[in-house]
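As structure tokens, one chain now follows by itself in the form predicted on its own.
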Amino acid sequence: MNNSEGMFVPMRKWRAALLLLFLCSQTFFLTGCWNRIEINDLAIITAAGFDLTQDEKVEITVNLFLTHTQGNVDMMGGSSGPGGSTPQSLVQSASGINLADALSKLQQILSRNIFWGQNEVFIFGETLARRELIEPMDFLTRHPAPRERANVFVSKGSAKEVLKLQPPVERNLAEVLRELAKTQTGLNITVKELAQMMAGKASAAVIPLVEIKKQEKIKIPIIKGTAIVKNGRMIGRMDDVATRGVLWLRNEIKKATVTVTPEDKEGYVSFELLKSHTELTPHIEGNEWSITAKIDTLDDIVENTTSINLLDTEQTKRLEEKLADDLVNRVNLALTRAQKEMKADIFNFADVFYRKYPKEWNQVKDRWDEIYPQVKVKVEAHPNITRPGLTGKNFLKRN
């Protein structure tokens, strides 16, 4: 072996030693999750409710998802899963002088760290909502943990009783309420949207109402009506019919089925909403403030128990007029309840006027509570039946 070949041997060993040293040094950066939190160390909240106690304290109730079960969890307030077998959730409560204090008291009785990352629902008890919502909303928007995209509801009665329910189909109560809100046959309001409405120029808001319905041997939550909020507290409620008018006027309706009775005909015709758009146009003429609400819809006829020939354009035009009358009546009912009786601008008329007439709005913004009930609203409904279908009584008799 010559001298040049002898020099390469130690160089190879030196390179191998450097590579080994480099690989060993990388192990210092692979120390693992030293600050990890195991899932069994977390109290995972799926829904939370707030109530006012008899001694004027605020009670927080949470529905906890159980990652595993041991012992008699039902004795602690747990609720059984499908078929009454393994408990799926645990309900716990604590009260304090405010929500922050109540939450700290709740943590004291839980062996796990409270985790808000999976929370989907907040429920305000009606007694608390009628007293005030500003302090609870301050907590929900200021605290970094609660989710702003979580849905909000007001319960008829206490929120605690709603949270104790165990749905027969979904895994937990939060999933039931969230899915009901997503269908948008009623209102679908999040924490962020509620905060924006309460901080808006009208200082008015709407929140879906939840109540408990008994079916045979089980109790289920349903969304039924709307809670009306003004100046930070609940001042009244609307039923399902008026709520549908609110959805039309706020341009928030996505699904709807309307049934009408044609004149001089026996039976009913049912329409299913395909698409809807509402446009609000403000007008100021002298001292008179008014709004034109134009509602355009596309509808299908999903059932016809009359003898009407749906291929006759004159007949379908009359049905469109009948549908328009029904829609206008629902909107006017909502306007009467909100504008004339409760004087709550839940339709955001204040923002509509401000965008087009900022100068005039700034001159009267301190007197909006006086002007709003006097605003004239003209509702124009323009339904369009796209697919009337061919079946009906006459068709079935012929076939």
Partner chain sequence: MIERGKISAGQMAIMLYLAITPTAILTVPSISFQYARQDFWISPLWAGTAIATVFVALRLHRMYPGLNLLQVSERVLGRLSGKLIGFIILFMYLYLDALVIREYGDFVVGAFLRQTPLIVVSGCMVLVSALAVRGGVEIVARFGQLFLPAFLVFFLFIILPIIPDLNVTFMLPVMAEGIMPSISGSGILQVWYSEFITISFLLPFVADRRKAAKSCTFAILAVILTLVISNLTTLLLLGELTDKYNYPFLVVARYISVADFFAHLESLFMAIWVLGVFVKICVFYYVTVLGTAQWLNLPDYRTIVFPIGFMITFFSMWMAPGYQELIFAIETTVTYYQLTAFVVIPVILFCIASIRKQVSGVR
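Because the structure is a prediction, the values reported are computed rather than measured. Numbering follows the first chain given and starts at 1.
Keep in mind the form predicted together with its partner chain is missing from the figure; the text below concerns it.
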Where, among 355 to 363, 46 to 54, 370 to 378, 334 to 342, do residues come within 4.5 Å of its partner chain in the predicted complex by heavy atom distance?
-> 355 to 363
Its partner chain in the predicted complex has a heavy atom of only one listed residue within 4.5 Å, and of Gln196, Asn231, Ser104, Ser307 that residue is Gln196
Answer with one of Thr127, Gln315, Thr141, Asn98: the residue that has a non-hydrogen atom within 4.5 Å of its partner chain in the predicted complex.
-> Thr141
Give a yes or no for Gly236: in the predicted complex, does one of its heavy atoms lie within 4.5 Å of a heavy atom belonging to its partner chain?
-> no
Taking heavy atoms and a 4.5 Å cut-off, does Gly267 contact its partner chain in the predicted complex?
-> no
Examine Glu288 and determine whether its closest non-hydrogen atom to its partner chain in the predicted complex is within 4.5 angstroms.
-> no
Does its partner chain get within 4.5 angstroms of any non-hydrogen atom of Ala145 in the predicted complex?
-> yes
